[in-house]
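One chain is shown next in structure tokens, namely the form predicted on its own.
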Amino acid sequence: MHPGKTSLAFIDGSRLITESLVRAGADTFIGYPITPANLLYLYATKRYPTMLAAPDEITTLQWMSGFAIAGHVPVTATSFPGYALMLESINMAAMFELPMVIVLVQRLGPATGTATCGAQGDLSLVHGTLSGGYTLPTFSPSNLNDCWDISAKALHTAIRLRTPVVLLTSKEMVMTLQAFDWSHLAEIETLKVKTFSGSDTYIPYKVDESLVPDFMPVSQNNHAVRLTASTHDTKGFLQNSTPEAIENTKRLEAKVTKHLQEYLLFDLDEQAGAQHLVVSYGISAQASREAVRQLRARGEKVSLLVAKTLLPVSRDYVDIANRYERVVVVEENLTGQLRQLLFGAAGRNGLSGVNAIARMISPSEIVDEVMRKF
């Protein structure tokens, strides 16, 4: 923001995420207060042009859809219980093809019971959000810099692809105050939703090679707008099984995967001669970075992959991992959800994980696993 000038602040990820989303083009926040997303809710009252307090999470997504249909770009923030209540409405918004961002803040816990101490345990939930195996683009910031850069990328992806997008983060990322120099943060481009500008008849779900239909808000009076949450043809008419309607539904997944390289983000720190690769994401990436630093200080050769775009699952991650004899996936959940998404239930030779529940993973645990004879 101010090249060459240091600007230190004692700041949390919630403030950076909020500011980034607004600058990227979000103009509406609708939410129901829930731990540990409270600060995102608080900052929304101060920063978004429009902020509405919803009576519950189901209403939140319904109101967000209404705002999106009118041409706005809405955001909400929640945690596991709230997201679970939103599932049906997220499916509706995905079928409508509405741009919005859902910030899902994972709980380290334990809070009110084992259901709320999942830590990095919501990835499988997000992966299974949409019926039929369709994918929501999902991002995960690994540090405060990512809170700024990746939040903007999430918002821009929602707008460009006309889809709900999830920003998967954690209590530690959004609520922990850290000393941070924000002078190097990049300027953020503000995007607007692309609208239909032709003089002919507007066809709501007609697409070009991008597979993304032009949008028309219901607030204009020049064209009829038809939005349908059930299986429909390109005109938006409900059709259960016609070839056109089925192809239109299959397009929802195709548009997300077609553009993956445009929003695929990851850090790859490779060391020549290394046969060990540590893979992580989100808050566990911080312990992973420190573990790799310690290992290299001891003379060990090890590489690090930090995934920032989690869904769709990128083949790039698997191809990188296949260059290494040993792969250690670090994530704060019990069963290794990213590990299973990348390598399936059968895994692969040389694969292991460092996992924890209801506590953070320490760098020493990662060091021990990398050094363990496998």
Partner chain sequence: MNNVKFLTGGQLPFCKGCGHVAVAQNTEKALQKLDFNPLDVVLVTDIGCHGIVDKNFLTHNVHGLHGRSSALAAGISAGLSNPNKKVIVFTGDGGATIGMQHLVGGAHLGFDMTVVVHNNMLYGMTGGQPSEFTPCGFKTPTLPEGSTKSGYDICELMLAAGAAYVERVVGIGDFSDSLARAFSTKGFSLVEVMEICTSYGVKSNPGMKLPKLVEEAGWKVKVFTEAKQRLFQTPQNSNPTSLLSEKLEVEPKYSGAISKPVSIMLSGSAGEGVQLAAEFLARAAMLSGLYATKKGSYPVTVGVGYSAAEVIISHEPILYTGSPVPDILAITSADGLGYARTAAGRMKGGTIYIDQSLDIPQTGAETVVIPFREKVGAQNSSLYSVFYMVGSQHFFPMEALRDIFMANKISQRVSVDIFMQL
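Residue numbers count along the first chain shown, from 1. None of the values given here were measured: they were computed from a predicted structure.
There is another form of this protein, the form predicted in complex with its partner chain, and it is not shown here; the text below is about that form.
Novice: Is it true that 47, 182 and 362 each have at least one non-hydrogen atom within 4.5 Å of its partner chain in the predicted bound form?
Specialist: Every listed residue reaches its partner chain in the predicted bound form, so yes.
Novice: Consider residue 334 of the chain shown here, and say whether it contacts its partner chain in the predicted bound form, taking contact as heavy atoms within 4.5 Å.
Specialist: Residue 334: no, not in contact with its partner chain in the predicted bound form.
Novice: Does any part of residue 371 reach within 4.5 Å of its partner chain in the predicted bound form? Heavy atoms only, please.
Specialist: Outside the cut-off, so no.
Novice: Is residue 11 close to its partner chain in the predicted bound form, meaning a heavy atom pair under 4.5 Å apart or at it?
Specialist: Yes, residue 11 is a contact residue.
Novice: Counting only non-hydrogen atoms and a 4.5 angstroms cut-off, does residue 309 reach its partner chain in the predicted bound form?
Specialist: Although its partner chain is absent here, residue 309 would stay clear of it in the predicted bound form, with no heavy atoms inside 4.5 Å.
Novice: Heavy atoms within 4.5 Å of its partner chain in the predicted bound form: which stretch in 127 to 135, 157 to 165, 207 to 215, 228 to 236 meets that?
Specialist: Going by heavy atoms within 4.5 Å, the stretch is 228 to 236.
Novice: Tell me, which of 341, 51, 320, 34 has a heavy atom within 4.5 angstroms of its partner chain in the predicted bound form?
Specialist: Looking at the other structure, the residue within range turns out to be 51.
Novice: Which pick from 249, 176, 271, 145 sits with a heavy atom within 4.5 Å of its partner chain in the predicted bound form?
Specialist: Spelling it out, the residue with a heavy atom inside the cut-off is 176.
Novice: At a 4.5 angstroms cut-off on non-hydrogen atoms, which residues of 10 to 28 are near its partner chain in the predicted bound form? List them in order.
Specialist: The stretch 10 to 28, when checked against its partner chain in the predicted bound form, contributes 10, 11, 15, 16, 18, 19, 23 at the 4.5 Å heavy-atom cut-off.
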